[in-house]
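Quick heads-up: it's one chain on its own, the form predicted on its own, in structure tokens.
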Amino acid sequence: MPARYTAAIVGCGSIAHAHMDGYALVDDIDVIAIADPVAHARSQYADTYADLHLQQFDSVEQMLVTAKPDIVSVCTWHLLHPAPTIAAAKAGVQAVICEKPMAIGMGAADSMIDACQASGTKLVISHQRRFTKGWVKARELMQQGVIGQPLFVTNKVAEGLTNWGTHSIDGSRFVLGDPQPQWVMGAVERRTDRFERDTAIEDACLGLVHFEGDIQLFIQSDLMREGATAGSFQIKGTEGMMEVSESRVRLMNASSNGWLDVEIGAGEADRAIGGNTNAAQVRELLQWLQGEVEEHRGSGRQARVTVEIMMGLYESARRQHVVNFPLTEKGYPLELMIAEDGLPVEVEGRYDIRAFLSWDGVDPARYKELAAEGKGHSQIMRQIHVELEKGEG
């Protein structure tokens, strides 16, 4: 029996494999096409899934016209999320699954939402950790009031606020029941010329987020690597405490007799990365398309809040005062700070925390040789770039 939906993937880098793993576990979807302007990336990706006979395109627009997919996965770099999402919406696709962070800047995020609303396209942002068993169980326990009213959430991340912080902030909101932020205050350090691909990022930051119901979240990024994680956080309530990760929940309250490991039971997935959680978000998207759920838990509407919190923290550092919501700045406050000489570089030399994923200088034959050994995409790219640095490539 043929699948009910067809899908296409834009951007053939590392995360595109996680999207393909998810689609592979859903019977109602066939992936039929890929688009990427980098020929090596397209050919490598198509070779990996040779049995699918994927149509290959160097432009999103041509793919949309020729392949006419029902669903499009946007797996590009951060700043490149809006364009293919908007193009897909204008082409009338039924749904878009876009990688996190949704966008850099509120203007970019709103352009995606506006385009999808105008066309009736369902927009999902890949905060797939919302389907992990630990987070789902923690949300359920919070709704039951096992630690009373939540008061304070603590998060420690690394690799930039818009990278790991995206998941951490989104996960905290999910477990708390998705409260709306009211104000933020943030601080930023950037003494090196640090980037994530083509997006300028900070060396370190910290912030305080105040939600409705007088719940506060404290987040620090790249200040202390030990214990930093995108998927774990602690919640203090009026009647106890809870520690949350994707695969574990511990709580302490008046009846727990110390710390208690909670049985999290059956759920969509134990791990945050890979097929199971991506498959879960695809299945819920199909339910949304078919009117079986009111809204996807990872909808663009929810993801926009995460973007607003992060941009608000940067804007607070830029303005050096509390920033109330809604946020009026539509650009990227960190980039504006840099342009205004508010963050002068003291250690010269631009560097990219994702440099190991660049195709510059990569020999396709060497890539295929390592792939034949069963190595994953990121592992292969790291090894090849090490070889290039040593002059072995």
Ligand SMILES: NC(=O)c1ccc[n+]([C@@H]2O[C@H](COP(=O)([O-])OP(=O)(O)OC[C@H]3O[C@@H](n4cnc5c(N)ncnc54)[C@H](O)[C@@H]3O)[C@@H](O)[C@H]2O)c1
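From 1 onward, residues are counted along the sequence shown. Predicted model only: the values in this text are computed from it and were never measured.
There is another form of this protein, the form predicted in complex with this ligand, and it is not shown here; the text below is about that form.
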query: Interface residue in the predicted bound form among K133, K156, H296, K100, criterion: non-hydrogen atom within 4.5 angstroms of this ligand; finding: K100
query: Sole residue of T76, T306, S221, T121 within 4.5 Å of this ligand in the predicted bound form, by heavy atom; finding: T76
query: Contact of Q383 with this ligand in the predicted bound form (heavy atom, 4.5 Å); finding: no
query: P37 within 4.5 Å of this ligand in the predicted bound form, heavy atoms; finding: yes
query: This ligand contact in the predicted bound form: Q128, any heavy atom under 4.5 Å; finding: yes
query: Any non-hydrogen atom of R248 within 4.5 angstroms of this ligand in the predicted bound form; finding: no
query: Option from 342-350, 28-36, 328-336, 364-372 whose residues, in the predicted bound form, bring a heavy atom within 4.5 Å of this ligand; finding: 28-36
